[in-house]
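Next up: just one chain, as structure tokens, the form predicted alone.
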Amino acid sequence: MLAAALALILAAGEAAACARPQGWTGGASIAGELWTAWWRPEPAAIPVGAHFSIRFRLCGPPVDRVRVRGWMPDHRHGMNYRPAVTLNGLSGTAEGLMLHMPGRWRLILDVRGAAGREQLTAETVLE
């Protein structure tokens, strides 16, 4: 039990000290308690009403599943599409996102693993 607690503490420290992935330009980080995510959209400027994808890299304990969704808090609705997420260890891609109208959006990464569950949230404004 002590070993498991120590592993979580070390993983949380690793998440807090997450460096930009080598070779990445642009993008942003989202820090949580268990995980930190670096993410970047493709194309670099998120289009309104057109499909795009994001690449992400997590720092922290092992991950079992990541779901990605968009939420528009001012209108209290999400996207009309469910993106497909491909996960390879702590790296992944979410394809098929579409933010269908201008305004303030939240990009939410719902991360799950043996260490727990955490929602990492970034905010963007589309014009």
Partner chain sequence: MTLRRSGAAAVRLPALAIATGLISGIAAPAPASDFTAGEERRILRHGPWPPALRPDPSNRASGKPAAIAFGRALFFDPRLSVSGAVSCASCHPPDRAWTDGLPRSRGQRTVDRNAPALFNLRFNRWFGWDGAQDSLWAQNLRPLLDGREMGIGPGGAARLVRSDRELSCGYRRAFGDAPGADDERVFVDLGKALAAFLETRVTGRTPFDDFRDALALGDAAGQARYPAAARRGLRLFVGRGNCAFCHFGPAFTNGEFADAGVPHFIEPGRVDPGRLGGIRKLRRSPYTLLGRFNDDAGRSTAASTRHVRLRQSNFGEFRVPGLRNAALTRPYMHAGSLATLADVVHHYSTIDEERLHAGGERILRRLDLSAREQADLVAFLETLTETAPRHESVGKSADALCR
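Residue numbers count along the first chain shown, from 1. Computed from a prediction, not measured in an experiment: that's the story for all the values here.
The protein also exists as the form predicted in complex with its partner chain; that form is not presented, and the subsequent description refers to it.
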**Asked** With the partner left out of view, is Ser29 within 4.5 angstroms of its partner chain in the model of the complex by any non-hydrogen atom?
**Response** yes
**Asked** Should Pro83 be classed as touching its partner chain in the model of the complex when contacts are defined as heavy atoms within 4.5 Å?
**Response** yes
**Request:** Find out whether any non-hydrogen atom of Arg67 is located within 4.5 angstroms of its partner chain in the model of the complex, and reply yes or no.
**Result:** no
**Message:** Residue-level contact is defined here as any heavy atom of the residue lying within 4.5 Å of its partner chain in the model of the complex; does Pro62 satisfy this criterion?
**Reply:** no
